[in-house]
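What follows is one chain in structure tokens, specifically the form predicted on its own.
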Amino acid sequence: MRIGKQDQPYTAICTSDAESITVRGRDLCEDIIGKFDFSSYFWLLVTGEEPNEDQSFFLNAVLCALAEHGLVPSVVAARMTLAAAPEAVQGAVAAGLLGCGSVVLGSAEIAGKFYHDCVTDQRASGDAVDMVARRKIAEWRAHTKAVPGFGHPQHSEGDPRANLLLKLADERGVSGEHVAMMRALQAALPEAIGRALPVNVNGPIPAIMLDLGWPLAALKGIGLLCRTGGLIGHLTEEAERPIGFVMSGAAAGAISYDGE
């Protein structure tokens, strides 16, 4: 049974023969190993192009910014999974990544799609950025309450990661139309929702990366890659200093039964 498009049976990522491995048109052993750092290689794998200095700088900065934030739900899930199945590190990593959705870790992707839609609207309409921001917030809030990229349950006075990334983007001259739109959206929030909100880290990450030419479809991949590194750190500690069952016991103690 034929399902979906089947008229382009090609890949431009990798091929190999008995003597060599070719990745994105480059010989893996001759051109990449020992010559690329991993983040630059990641950029090459995703885009097919070597990153320039700014692209490499901000990909590294973003990966560092998002890799770790303590015992967040994805980490708790991973550590408790390893406690229950210590032979399955891969299962514990997968458990952590499977929970990376619209509330935790996947919100950068949602914000990026929203900012991209706003910028596309501005390009098409020619309206001022502040006018577009107000219009798009109204459209967004017609179906979703929270405007993505703003507010944080802990960093209520401003996410330090977000503030630093924006400062660096301004200093290096890479803040473009997506960053400008993100700032216009933030400025429009008091009128739209009745109060100001700080930018959280999921605002500048997609805004800066889209301005630098990162593909919209690959935004979530940044969070998945860097959080994998964080999860492996937590799982190494879990194997040496286990707290998975401590967390499980705390959960059982914190939740009361209210059924029949």
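Note that residue numbering follows the sequence shown and begins at 1. Predicted, not measured: the structure shown is a model, and the values here were computed from it.
Note that the form predicted in complex with another copy of the chain isn't included here; everything after this is about it.
Undergrad: Tell me, out of 184, 80, 169, 147, which residue has a non-hydrogen atom within 4.5 angstroms of another copy of the chain in the model of the complex.
TA: If I apply the 4.5 Å criterion carefully, the residue I get is 80.
Undergrad: Based on heavy atom distances of at most 4.5 Å to another copy of the chain in the model of the complex, which listed stretch, 119 to 127, 160 to 168, 176 to 184, 135 to 143, is the contact stretch?
TA: Comparing against another copy of the chain in the model of the complex, the contact stretch is 160 to 168.
Undergrad: Since only the chain is shown here, I'm wondering whether residue 197 would be in contact with another copy of the chain in the model of the complex (any heavy atom pair within 4.5 Å).
TA: Flag for residue 197 set to no.
Undergrad: Does residue 190 reach another copy of the chain in the model of the complex if we count a contact as any heavy atom within 4.5 Å?
TA: No - in the model of the complex, heavy atoms of residue 190 and another copy of the chain never come within 4.5 Å of each other.
Undergrad: Does any heavy atom of residue 131 come within 4.5 Å of a heavy atom of another copy of the chain in the model of the complex?
TA: Flag for residue 131 set to no.
Undergrad: With the partner left out of view, is residue 55 within 4.5 angstroms of another copy of the chain in the model of the complex by any non-hydrogen atom?
TA: No.
Undergrad: With another copy of the chain taken in the model of the complex, which residues across 67 to 89 come within 4.5 angstroms through any non-hydrogen atom?
TA: Stretch hits, in order: 67, 68, 69, 70, 71, 73, 76, 77, 79, 80, 81, 83, 84, 85, 86, 87, 88, 89.
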